[in-house]
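One chain follows as structure tokens, the form predicted on its own.
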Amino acid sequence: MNKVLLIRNGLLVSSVETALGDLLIENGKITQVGANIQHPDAEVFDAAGLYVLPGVIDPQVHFRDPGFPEKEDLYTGSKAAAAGGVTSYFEMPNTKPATIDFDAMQAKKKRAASVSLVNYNFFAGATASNLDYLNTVPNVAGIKIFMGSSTGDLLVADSHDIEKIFAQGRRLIAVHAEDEEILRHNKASMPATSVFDHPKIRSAEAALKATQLAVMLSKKYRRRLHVLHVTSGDEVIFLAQHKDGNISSEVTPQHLFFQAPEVYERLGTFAQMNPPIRDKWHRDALRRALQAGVIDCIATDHAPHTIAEKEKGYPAAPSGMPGVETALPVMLTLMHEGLWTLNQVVRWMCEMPAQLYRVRHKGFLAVGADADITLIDLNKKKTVENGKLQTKVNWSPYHGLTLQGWPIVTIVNGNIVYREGEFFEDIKGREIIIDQEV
């Protein structure tokens, strides 16, 4: 464990500025930020030419642990996170067993404490009958409602059941916003013979209707709402008109990067996810909404399935793709294309997740903050290759694509856990503390 670490001559990045400077880390905390910092006992890391970011926070991953060890687990998922510059994650409840009671949550946290290389917390999964658990389980990222069916068997589709959850309690509610009635109607009335049908069955109309219901309930009960993985221009237009201080949303890198039908032509069912990747109009609307602040942050929805499962063809193949390892390079590649700045990337991937989820002491390079830090080489180019990834499924939708801007070093609580392809696993991550009113 590095008791004292001095990062010297790095380009320190926040959402508002980039400045050359040093960081002093003592016992897992940032204790000085400035120029020409001296400490007689410090291990010095020369960061000349590197950009120093707050550790990336990924507020939506599916690490499949417990229940699906062939896809991912908390160890391999956290290793992929570290390789991608992600120092903290919030994991979703659709595991087996689902995280819908106290015992399941306790077991997950115990498991993460023993194996996760980066910091962690978890969502409490909502059902129609576990309201007491949702409102009293200690220290969770929030409540997750699957308004439309997706991977796993967690579903709360009845509007009365959804309203009960909004009406009682004060925790943030995060919604997978797809209307189940529309999904079922589309499945019954449309052919499902090709992955090209996926965005039609899981339509923008279904996403918009569910988002409208969630926003209405948020306003009615003054409840904090986070709309997960927004995918449509229709939702963007609605949110721009109806968002208030209690409502936030996110978008995934893959919905910003890819577009239909090209992505389905290239990847087939390996591009299949819920909600789906849509056409260029939707993709460009998401890009504009992120830049305008209608969408607040980035999350990967890292949801791995094995190659054998994804090769089954449509509709048998499961929905979901890995992404925690490549999210930052994807966003930096789009930055190089002129879509946004590095300061904006830090806002969306570091600062805003910490603010929206009320994470203590993370998201910023500031005195007193936890020393969760990502050092990146903006000039480094690397071609993504299946079989050379840390995620257990070992494939990526970006296979064959060259991305520019890669993590060089990932520091968690003052400890270097990843450095240029090498992992240091002696010290594990910690449970993320959430400031919340229950």
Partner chain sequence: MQHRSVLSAGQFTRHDLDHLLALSAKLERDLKTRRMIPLLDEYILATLFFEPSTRTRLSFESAMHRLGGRVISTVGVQFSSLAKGETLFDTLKMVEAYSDICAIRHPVEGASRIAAQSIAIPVINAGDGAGEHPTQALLDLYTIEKHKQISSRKQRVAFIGDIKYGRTIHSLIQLLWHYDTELVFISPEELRLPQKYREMLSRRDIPILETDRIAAVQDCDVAYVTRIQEERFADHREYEKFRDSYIVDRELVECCKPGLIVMHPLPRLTEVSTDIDNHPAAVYFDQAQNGLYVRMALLLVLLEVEY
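Every value quoted in this text rests on a predicted model; they were computed, and no experiment measured them. Numbering follows the first chain given and starts at 1.
There is another form of this protein, the form predicted in complex with its partner chain, and it is not shown here; the text below is about that form.
Find out whether any non-hydrogen atom of F102 is located within 4.5 angstroms of its partner chain in the model of the complex, and reply yes or no. No - in the model of the complex, heavy atoms of F102 and its partner chain never come within 4.5 Å of each other.
With the partner left out here, check for me: in the model of the complex, does some heavy atom of A289 sit within 4.5 Å of its partner chain? Because a heavy atom of A289 falls inside 4.5 Å of its partner chain in the model of the complex, the answer is yes.
Whether L155 contacts its partner chain in the model of the complex should be assessed with a 4.5 Å heavy atom distance threshold; does it? Answer no; every heavy atom of L155 is more than 4.5 Å from its partner chain in the model of the complex.
At the 4.5 Å heavy atom threshold, is V236 in contact with its partner chain in the model of the complex? The answer is yes: V236 has a heavy atom within 4.5 Å of its partner chain.
Mind telling me which stretch in 219-227, 289-297, 127-135, 69-77 gets its heavy atoms within 4.5 Å of its partner chain in the model of the complex? Of the stretches listed, the one contacting the partner is 289-297.
What is the one choice in A308, M190, V367, A240 with a heavy atom within 4.5 Å of its partner chain in the model of the complex? In short, A240.
Taking its partner chain in the model of the complex as the reference, which of L256, A285, I182, L213 has a non-hydrogen atom within 4.5 Å? Answer to the contact question: A285.
Within 265-282, which residues come within 4.5 Å of its partner chain in the model of the complex, counting heavy atoms only? Sequence-ordered list has one entry, W281.
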